[in-house]
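Coming up is one lone chain in structure tokens, specifically the form predicted alone.
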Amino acid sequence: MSDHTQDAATIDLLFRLADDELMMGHRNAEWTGVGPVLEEDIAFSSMAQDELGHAFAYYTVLHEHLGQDNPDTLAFRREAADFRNARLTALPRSDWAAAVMRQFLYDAAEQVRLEHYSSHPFAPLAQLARKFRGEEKYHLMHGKSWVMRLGSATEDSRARLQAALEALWPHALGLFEPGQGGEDAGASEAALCAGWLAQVCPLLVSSSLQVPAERTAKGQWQSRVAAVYGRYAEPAPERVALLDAMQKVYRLDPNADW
């Protein structure tokens, strides 16, 4: 693989990681002040802060090492079509069951990715992955505890959690759409998806939930999933709406000092 191709693959990967974190950080921050209990209000606010910090770090690497624009420009001045986040991360805030399920499915994927990228040949990414892995494990512990808690509580809580799982499952598979920059570091997205499935399925079953059967075998990617739930399809309405809200103040005067 040429240096140019390697750079293109690494740039695409970093944008995927950064844009996912930016969107998840924004959506999790929407629970600030409206969490079901004070402890969860604080927990989701803290996770949002971590995710936004991770996005800033990835954007900084893109700027300082790979010739991309500065982090503020990448976050606030790109158009919706230029973002590479999976659709899962931008879905509007729903009920508590959906919030908990999305966080669990996403952070389990993060754990698999960060474990792999901790030995990435691009040193700045490997360093970030090793650092973030320690922070993200607490996010995953939080999601696991709530899935197990709601899954084993009442028929109503289990039914709500199952409904959230059914709705979010194909979106979660969209996290593993192959990148446009080519396969990175010899690992396929299908292999990462298989590692994710090996983590999430046993916990879901132990929480009295039924894993959606469709598209689970060997973690194989299917093009029809990519067309609806992936990263590179036509910008989904929820991404456009999120960016309109997030970028509005910045775009009023991009040259202002904040």
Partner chain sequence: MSVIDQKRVWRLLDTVPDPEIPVVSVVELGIIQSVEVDPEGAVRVEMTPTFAGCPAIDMMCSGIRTALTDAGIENATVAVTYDPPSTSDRITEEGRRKLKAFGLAPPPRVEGNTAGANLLLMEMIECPFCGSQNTRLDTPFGATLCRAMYYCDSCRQSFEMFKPL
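Model, not experiment: these values are computed from the prediction. Residue numbers count along the first chain shown, from 1.
Note that the form predicted together with the partner chain isn't included here; everything after this is about it.
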Among 65 to 73, 201 to 209, 49 to 57, 22 to 30, the region lying within 4.5 Å of the partner chain in the model of the complex by heavy atom distance: 49 to 57
Heavy atom of P92 within 4.5 Å of the partner chain in the model of the complex: no
Contact label in the model of the complex: P121 to the partner chain, heavy atom within 4.5 Å: no
A43 within 4.5 Å of the partner chain in the model of the complex, heavy atoms: yes
L128 within 4.5 Å of the partner chain in the model of the complex, heavy atoms: yes
Among the candidates Y106, F83, F132, F176, the residue which, in the model of the complex, approaches the partner chain to within 4.5 Å (heavy atoms): F132
